[in-house]
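Quick heads-up: it's one chain on its own, the form predicted on its own, in C-alpha cells.
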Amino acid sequence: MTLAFDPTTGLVSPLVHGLFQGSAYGLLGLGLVLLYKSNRIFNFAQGEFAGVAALVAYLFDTGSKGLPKVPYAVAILLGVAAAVLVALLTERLVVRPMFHRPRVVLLVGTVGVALFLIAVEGLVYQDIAALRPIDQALSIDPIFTRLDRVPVLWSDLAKLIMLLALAAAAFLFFRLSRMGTAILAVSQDATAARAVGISVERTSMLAWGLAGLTGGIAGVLLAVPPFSTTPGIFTGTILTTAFAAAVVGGITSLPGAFVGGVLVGLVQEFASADLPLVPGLGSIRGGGELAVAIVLLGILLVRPKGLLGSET
C-alpha cells in the first residue's frame, strides 16, 4: 500500500529538522576541516573533545561527583575550557612528538586519544547525562517559532547561529590574520616555514586549541534533550557523519563544513521521511544513512575535492 504524502511531515518537518541536524554535523565537521587544513591530519578524537566539554559542563551545572554547582553560563565555559585543554594536551603529548612521522601514524594516534578519553569518561560518569537547554536555563518558552506546525526550538536555533558564526570567524582568520597564514604555511611545508621564522610548535598548538574550541562548543550545544551524553556517544553517533559532511563540503574548505553539514542533514532527514512513500522502498531500514552514503560516494566519484574544496 502506498502512503499519502503529507506536506508537513514529508516536506516542512524534514526541512526544519535536517537544517538543525546538519548544523550539528557541521559544528563537528568544522573542527575536522580546521585540523586537516592546518596539519593535514584526520582527527578521530574530535568527537571526544565534544564529549569532554558536555560531561564537564553537566557535572558543574548539576554539582555532581563532588564538584561545586555553578551558574549555567560558568558551567558551559568550564566545559569548553576543558575541551580546549584536552586538545592542547593531545597536541603536546601525542601529535608533536610524532609530527614528522607519516600522517597515517598521527591518524592512529588520534584514534588512541579518542579511545583513552572514552575510557576516562566511563570512569568518571557511567550514567546518562543531558545538559539543560538554553531555554530552560533562561526560563523562557523552548519554542522560538513554528513553521507549519513544526516547532523551531531555541536550542536548535543556537546550533545554526553558532555554526554560521564559527565558520565565518574561521574563514576570516585564515584569510586575514598573520597567524592564520602561518598555520597554512606550516601545513604546506614545515621546514620552509621554520626557515622564514614561523614557529611550527606555536602554530600547531594554536590549530589544536581552535579545534578543541569548536569541538567544545559543539559538545555543549548538542548535549541537550532529546540527545544525551554517554561515554563515546559523540564518536559513535555523530563523528562518522560529520566526516562525511566535511568530505562532501570539501575537507580543505571551512565554509564547506557548513554546506556539507547542512546538505548531509537534509539528505538524511528527507530520505528517512519520504522513502517509505516510494513503492518498493518502504521496508528499507536506515534509509537516511543509505542516502547519505550514496551522496558521499557520488561526490567522491564526480568531485573528489568536495563541493567547495580545493586540491590538496
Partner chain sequence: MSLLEVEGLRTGYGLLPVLQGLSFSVEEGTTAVLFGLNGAGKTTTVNAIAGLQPVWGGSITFDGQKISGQPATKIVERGVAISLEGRHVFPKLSVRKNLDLGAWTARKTAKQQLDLVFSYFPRLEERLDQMAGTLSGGEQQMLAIGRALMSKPRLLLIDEGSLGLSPKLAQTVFEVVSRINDDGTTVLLVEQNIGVLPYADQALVMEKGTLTFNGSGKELGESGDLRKTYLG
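Keep in mind it's a predicted model, so treat the numbers as computed, not measured. Residue numbers count along the first chain shown, from 1.
As for the form predicted in complex with its partner chain, it is not shown, yet the points below apply to it.
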query: Joint contact, Arg175, Arg178 and Val196 to its partner chain in the predicted complex, by non-hydrogen atom at 4.5 Å; finding: yes
query: Residue (of Val150, Ile143, Ala165, Leu184) lying close to its partner chain in the predicted complex, criterion heavy atoms within 4.5 Å; finding: Leu184
query: Contact assignment for its partner chain in the predicted complex, among Ala192, Ala81, Leu88, Leu138, heavy atom within 4.5 Å; finding: Ala192
query: Which of 196-204, 153-161, 223-231, 127-135 sits within 4.5 Å of its partner chain in the predicted complex, heavy atom basis; finding: 196-204
